[in-house]
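For reference, the chain that follows is the form predicted alone, supplied as structure tokens.
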Amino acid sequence: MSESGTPSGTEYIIHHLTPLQVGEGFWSFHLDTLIVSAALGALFLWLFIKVARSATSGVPGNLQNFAEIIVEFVDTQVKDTFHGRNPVIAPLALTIFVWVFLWNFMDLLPVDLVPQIAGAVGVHHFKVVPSTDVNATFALSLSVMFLVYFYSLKVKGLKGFAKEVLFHPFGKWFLPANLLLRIVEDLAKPISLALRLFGNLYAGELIFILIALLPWWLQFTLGWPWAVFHLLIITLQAFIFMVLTIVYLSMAHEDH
């Protein structure tokens, strides 16, 4: 804390990157991540249910047009990437794309807006971007991997799945090497999914915080171009997470 009573730059950054946490160690919960994620998920469901119930075959409104564009875009990606038959994949891909995009979009809010509102009601820490919390990105990536294993066993059966793990890619005479490669591959998938999303959004949020530390006449000059560029980043990250999910699930449905 500086002599004037205002926080230093380091204290300001730490304050904005500290989650609202309850509990200790492994059993701690980041309440801000859970609250914001649930609110954004409810917003997504409410919005698309509203569009579905009010959809018309006549001239659609702007909201219906927007929803149809997103649904058609996701459906195209599923048709081009997923080669099995599963009615769950397209809704899952839509949910992941929109939910992750909404997570990321929170990064475009002014960095002091929500923390000041939370502080006014006695909450000292509140991170508003769930994708800057590695717990959230890992939870989502592990959920995807759970589905990958579920459908691998369902489509290929226990025997077929065991053969794929033990005999691919070098055949039955290289079982230890095959198993080691499979372990590395299955560990790399959720880690890369989680850390790619987390790393990009954490860095983006940190840059916004650093811009907020600058004089007011520089904040808009630097913040506006970065916000426009970051809009592309948050969309791209949601797209990548969705496409990789589709690819992994498509591989799980391949019965050799």
Partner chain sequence: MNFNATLIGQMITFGLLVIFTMKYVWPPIIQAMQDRQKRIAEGLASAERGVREQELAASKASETLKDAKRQAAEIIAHAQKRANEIIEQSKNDARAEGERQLVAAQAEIEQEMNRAREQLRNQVIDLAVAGAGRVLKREIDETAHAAMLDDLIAQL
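As the structure is a computational prediction, the values presented were derived from the model and not from experiment. Residue numbers count along the first chain shown, from 1.
Heads up, the form predicted in complex with its partner chain isn't pictured, but that's what we're talking about next.
Heavy atoms within 4.5 Å of its partner chain in the predicted complex are found in one stretch of 154-162, 178-186, 110-118, 140-148, which is 140-148. Checking 195, 207, 222, 213 against its partner chain in the predicted complex, a heavy atom within 4.5 Å turns up for just one residue: 195.
Its partner chain in the predicted complex is approached by residue 74, whose closest heavy atom lies within 4.5 angstroms of it.
Contact annotation for residue 81: none of its heavy atoms lies within 4.5 Å of its partner chain in the predicted complex.
Shown alone here, residue 62 lies farther than 4.5 Å from its partner chain in the predicted complex, counting heavy atoms only. Though the partner is left out of this view, residue 106 does not reach within 4.5 Å of its partner chain in the predicted complex, counting heavy atoms only. Looking at 156-179, no residue comes within 4.5 Å of its partner chain in the predicted complex, counting any heavy atom.
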